[in-house]
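To begin, one chain is listed below as structure tokens, in the form predicted on its own.
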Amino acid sequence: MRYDVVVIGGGMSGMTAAIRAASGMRSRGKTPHILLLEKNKKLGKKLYATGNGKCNLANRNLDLSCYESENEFFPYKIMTVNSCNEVEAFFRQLGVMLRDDHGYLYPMSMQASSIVWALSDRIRAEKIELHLSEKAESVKIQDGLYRVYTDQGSYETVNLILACGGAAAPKLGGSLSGYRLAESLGHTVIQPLPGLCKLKTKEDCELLNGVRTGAEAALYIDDKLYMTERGELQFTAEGLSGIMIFNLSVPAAVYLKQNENVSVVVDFLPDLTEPAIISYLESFQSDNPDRTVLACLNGLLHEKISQYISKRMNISGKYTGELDKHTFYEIAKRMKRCIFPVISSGSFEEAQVACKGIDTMQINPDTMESRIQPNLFLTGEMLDVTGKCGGYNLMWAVITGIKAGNGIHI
């Protein structure tokens, strides 16, 4: 059987693209013949893990720092201030109300299952043919049509949508297979790297393992400030974690691959200046000269962070009365600029997304159609576009899926 559209990938962008392609054809008075191929046993497997199961779908706060791509402005030819409204309208049509939590959009139920069920039900309602547990292995172009070969058969189609996802989270289906399909059709793939993951540091962080604290973190590349994030910092035995570190991890992974010197500088007290910290230390010394350095630092910092700084400065066993003004300056400096050289990012198993991917110079941003092969569309995480934490990647998946579904040629 010849299909109008074959979609490879049953994640957010693939399901969205299939639904929009079907509804668009029906609106033009045509009966859609669409096949959706998914290698997992069920649709949207990765969606259940997003946002700790709450499924942060989109974010109203959009600026040039929200997406990373080698083709710097490509994401913003697609993502606009209206993208959140498009996502909201799409899911309202599917019967899911969204809630706005300071710009972060979630299903009203705060459950990812609401999203997966709504998408799955609409796929059935649109009579989209669904093949689960079937893996696409190769694609050939024959007589102007695409022939998709799977581990169970082959299918001919006029339009092909690659929505295979990235290499992150292999236990949930992440792999390199989608990139390979794109390469076989002439597309360039910039080597995928783990993104939105922890950073492993040269410094031994065993003493800080498990600590969570508010802080500001600045990413430095060869001693030049690249970007800063503020929020909750989490420590692991190997290094740094937490949402703000995940956001820093995307450019960090890229520059580490280029053998650049990468470091994260942590400000444990972003609301205090160094003079204010020194003033506190001097007052503590005056009022409590017989108390330990740890007792002094614990008035400002988490106990384990106090121990870490004291150990690095070799003043752990001292009393505050023994410290001089120079030592106070050094303590304040380390509280405001604690340097963690980075040696690597997390693995794909630990990453939320893959950064880099298919070169977006080869994609039409209006339709997500390939500039190399006609009637070929590429969406979602496969592309060299990575969003920050906070719903940006799912919003990207939905909007690119909508554009691809609307762009098919029938």
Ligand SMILES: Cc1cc2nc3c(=O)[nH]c(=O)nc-3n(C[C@H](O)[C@H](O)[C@H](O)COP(=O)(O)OP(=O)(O)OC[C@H]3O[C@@H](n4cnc5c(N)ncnc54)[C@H](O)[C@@H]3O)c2cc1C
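Here the structure is a predicted model, which means the values were calculated and not measured. From 1 onward, residues are counted along the sequence shown.
Although it is not shown, the form predicted in complex with this ligand is what the next lines describe.
Proximity to this ligand in the predicted bound form, defined as a heavy atom within 4.5 Å, singles out one entry of 194, 239, 165, 75, which is 165. Only one of the listed residues (169, 297, 96, 335) places a non-hydrogen atom within 4.5 angstroms of this ligand in the predicted bound form, and that residue is 169. Although the partner is absent here, residue 343 lies well away from this ligand in the predicted bound form, with no heavy atom inside 4.5 Å. Although the partner is absent from this view, residue 17 stays clear of this ligand in the predicted bound form, with no non-hydrogen atom inside 4.5 angstroms. Though the partner is left out of this view, residue 213 does not reach within 4.5 Å of this ligand in the predicted bound form, counting heavy atoms only.
Of the heavy atoms in residue 107, none are within 4.5 Å of this ligand in the predicted bound form.
Residues placing heavy atoms within 4.5 Å of this ligand in the predicted bound form fall in a single listed stretch, namely 45-53, out of 45-53, 369-377, 24-32, 355-363.
Contact annotation for 107-146: residues with any non-hydrogen atom within 4.5 angstroms of this ligand in the predicted bound form are 134, 135, 136, listed in sequence order.
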